[in-house]
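Below you will find one chain, with nothing else, as structure tokens; this is the form predicted on its own, and questions on how it binds or moves follow later.
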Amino acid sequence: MKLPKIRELLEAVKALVVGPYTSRFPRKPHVPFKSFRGQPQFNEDFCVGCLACEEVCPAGAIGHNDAVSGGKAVRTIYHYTDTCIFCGECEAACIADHKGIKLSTEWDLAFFDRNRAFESIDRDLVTCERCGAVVAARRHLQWITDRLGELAFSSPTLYQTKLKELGLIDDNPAAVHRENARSDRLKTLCAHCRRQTTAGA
């Protein structure tokens, strides 16, 4: 039988005095390293609802649902923890300075109830005043106008968004016109209706 080496003896004595190298989980909560890639989490203050994270997610762990009813339009963005591979592509693609969705150090994600394995965030939508189609999330349009500055006033949709944000015009959409008219061009319109009103004006 081989005798233990001096290094092995030192490690054994050290383990008796200092304790094991591993964490004391589950007696004490495990604190992962700062660079640990845990569950991505939406940030209520920064997410603009642009869906860039959904576009780049390789696992399809991010999805959304647009609901328009009773004059209220809301986009709900879902993140499914049980499908996520924690690659960080969502954070890398986030247009809101990579702060709309960020990887956290949250790692203990085991659930008995699978319905808890997701999170969601809601964003108000802007709809076309002619056909009712979804244009974009309101905060996404506000983000664009902030980046473009005075250039945003070249687009009627962005122009209306900025005026509503400043509280200079009513938030209620104007009555829908059946005929294409020049007044339609100053409304918040989807791309299809914008082409129709521009060509027909």
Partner chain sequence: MGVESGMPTCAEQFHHNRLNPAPKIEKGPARLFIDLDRCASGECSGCRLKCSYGSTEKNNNGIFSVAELATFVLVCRKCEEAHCVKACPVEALERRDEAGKVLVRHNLRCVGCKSCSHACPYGTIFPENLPFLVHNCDFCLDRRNKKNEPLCIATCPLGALRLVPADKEPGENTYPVGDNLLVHSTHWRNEKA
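Values in this document were obtained by computation on a predicted structure and should not be read as measured data. Residue numbers count along the first chain shown, from 1.
Just so you know, the form predicted in complex with its partner chain exists too; it's not on screen, but the next bit is about it.
With a 4.5 Å cutoff on heavy atoms, R147 counts as touching its partner chain in the model of the complex.
Put simply, S155 is close to its partner chain in the model of the complex: some heavy atom of it is within 4.5 Å. Using a 4.5 angstroms threshold between heavy atoms, H140 counts as touching its partner chain in the model of the complex. At a distance threshold of 4.5 angstroms between non-hydrogen atoms, H192 is in contact with its partner chain in the model of the complex. Exactly one of the stretches 103-111, 90-98, 77-85, 116-124 approaches its partner chain in the model of the complex with heavy atoms within 4.5 Å, and it is 90-98.
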